[in-house]
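Here we start with a single chain on its own, the form predicted alone, put down as structure tokens.
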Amino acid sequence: MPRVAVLRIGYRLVRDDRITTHIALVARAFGADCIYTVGGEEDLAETIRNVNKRWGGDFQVEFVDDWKKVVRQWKNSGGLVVHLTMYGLGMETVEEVQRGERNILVVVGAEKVPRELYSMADYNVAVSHQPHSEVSALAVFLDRYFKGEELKKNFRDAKMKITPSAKGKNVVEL
């Protein structure tokens, strides 16, 4: 299976700590291997380490200074760069992304995305052509990309697991 990573660019103090944490949690839960983030607080890495410790897996957080360098390195290694934007092509039209044969870097922005990203990305992809959250766009994209199989993933070394139930909560310590 190809490697999937998420690159979060842009950072607005206060607002984006929580949003970037949500992007990391969605990326982890929906099948990505890691997140690169420009800006942000070390608390993000600690939060994800704690989630991995309790719920399993080895999702990684890496803080980067230069998003362009990450994009160039990804492309130079043969990977595909997909920028999620409501201005892009409909996801269902991008067959190369749907096939999942190449490593993929999914880029989500915070504030206004630099124009340069639109030309650096292999594809600018929209999950909707209406204003929406970057968190929801990432979740929908990853779910479509993995065809729902990520929802069945078992996280290695988990100490906790949810047993689904129609009512109430059932968390089992392993």
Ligand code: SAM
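Keep in mind that this is a model prediction, so the values were computed, not measured. All residue numbers refer to positions in the sequence shown, first residue = 1.
Here the subject shifts to the form predicted in complex with this ligand, a form of this protein not shown in this document.
In the model of the complex, residue 84 approaches this ligand with a heavy atom inside 4.5 Å. When this ligand is considered in the model of the complex, residue 32 lies well away from it, no heavy atom lying within 4.5 Å. Using a 4.5 angstroms limit between non-hydrogen atoms, residue 131 touches this ligand in the model of the complex. With a 4.5 Å cutoff on heavy atoms, residue 46 does not count as touching this ligand in the model of the complex; it lies far away. The stretch that touches this ligand in the model of the complex, counting heavy atoms within 4.5 Å, is 133-141, out of 64-72, 133-141, 46-54, 24-32. This chain is drawn without this ligand; in the model of the complex, the residue among 116, 58, 41, 111 with a heavy atom within 4.5 Å of it is 111.
With contact defined as any non-hydrogen atom lying within 4.5 angstroms of this ligand in the model of the complex, the stretch 144-174 contains no contacting residue.
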